[in-house]
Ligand code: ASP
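Read the single chain below, which is given as structure tokens and is the form predicted on its own.
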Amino acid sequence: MLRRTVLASMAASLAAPALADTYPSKPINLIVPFAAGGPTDLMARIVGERMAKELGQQFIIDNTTGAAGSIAVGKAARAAPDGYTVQIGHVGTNVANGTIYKNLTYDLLTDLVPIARLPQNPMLIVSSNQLPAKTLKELVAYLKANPDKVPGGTAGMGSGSHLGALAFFAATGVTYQLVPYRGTGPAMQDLMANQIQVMVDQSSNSLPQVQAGKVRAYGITAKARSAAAPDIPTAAEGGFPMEVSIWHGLWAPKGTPADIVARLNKAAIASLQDPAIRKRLEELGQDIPTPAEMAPPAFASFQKEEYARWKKILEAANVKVE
């Protein structure tokens, strides 16, 4: 009996590395918290396609929308921790929502395992071409003259565009109507059609529309002008200093084996080191993290710091959903 037990234990120990060596043996589900066409979806497709080449398996994009990404994150937190569910998110979905949504059924800092930090990009303050304002000061004056009458888009409470709007309100002392969408992709379509008139949006989503002349840009929320759009002044140059960047990342359900997390992290790093991928992301105004910043422990520490930072900001603004 003892001999059988020892043999069974030996067989199990030998099988474990073999199973790890075969990962991944099937497609990986990549949960995206917003609708197709927005900046997070774009990041998922750019990075996911390149990671798929590294891993030899396809990433299946799963756009799960609603509640500013909290539904998608919950779906990821409840998934089997086998390496076949990965969630992409950003500072809104995986940091701010922990303060905004009081009844989450999961903990953002403990129920998900950080895989890799991904690029971040500043926001652009943009409007419909039909708005009369031509400069940031003129936009602020227009909003002051029309308090809470101008509709502005967000991807929902806690989204990057919502956080950008809060920063804009704090910097300028003005407000506008916050119209929630299931992603900034649909919001951008309505901005171009003048169904909404203003938005503080990630540059990766809005810059192509600015360059195509479909919307107007007033400023970028960064310390310096972007190399991808040197003609757009910083918000500080426009008279209203504000610095806001939306970073992205990858997570897996708690309990996902460390060797699988390491394999995914390695694939993510290789993707962002690819010259073609770097060029494409930089053209969208993205700042690319170093491999050290992408490491799971470093990313986990960064996420905790950002959680504490935004908790103070959101509580001061009394932003919450019961």
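A residue's number is simply how far along the shown sequence it sits, counting from 1. Because the structure is a prediction, the values reported are computed rather than measured.
Omitted from view is the form predicted together with aspartic acid (ASP), to which the following refers.
Contact test in the model of the complex: Asn97 vs aspartic acid (ASP), heavy atoms, 4.5 Å: Contact check for Asn97: no, nothing within 4.5 Å of aspartic acid (ASP) in the model of the complex.
Contact test in the model of the complex: Gly38 vs aspartic acid (ASP), heavy atoms, 4.5 Å: Yes.
4.5 Å heavy atom contact, Pro119 and aspartic acid (ASP) in the model of the complex: No - in the model of the complex, heavy atoms of Pro119 and aspartic acid (ASP) never come within 4.5 Å of each other.
is_contact(Thr221, aspartic acid (ASP)) in the model of the complex, heavy atom dist at most 4.5 Å: Output for Thr221 is no: heavy atoms all beyond 4.5 Å of aspartic acid (ASP).
Which of 266 to 274, 50 to 58, 279 to 287, 30 to 38 sits within 4.5 Å of aspartic acid (ASP) in the model of the complex, heavy atom basis: Only one stretch passes the 4.5 Å heavy-atom test: 30 to 38.
Contact residue in the model of the complex, chosen from Thr184, Ser203, Gln87, Gln197 - any heavy atom within 4.5 Å of aspartic acid (ASP): The residue from Thr184, Ser203, Gln87, Gln197 that makes the contact is Thr184.
Stretch 150 to 172 - residues with a heavy atom within 4.5 Å of aspartic acid (ASP) in the model of the complex: Contacts from 150 to 172: Ala155, Ser159, Gly160, Ser161.
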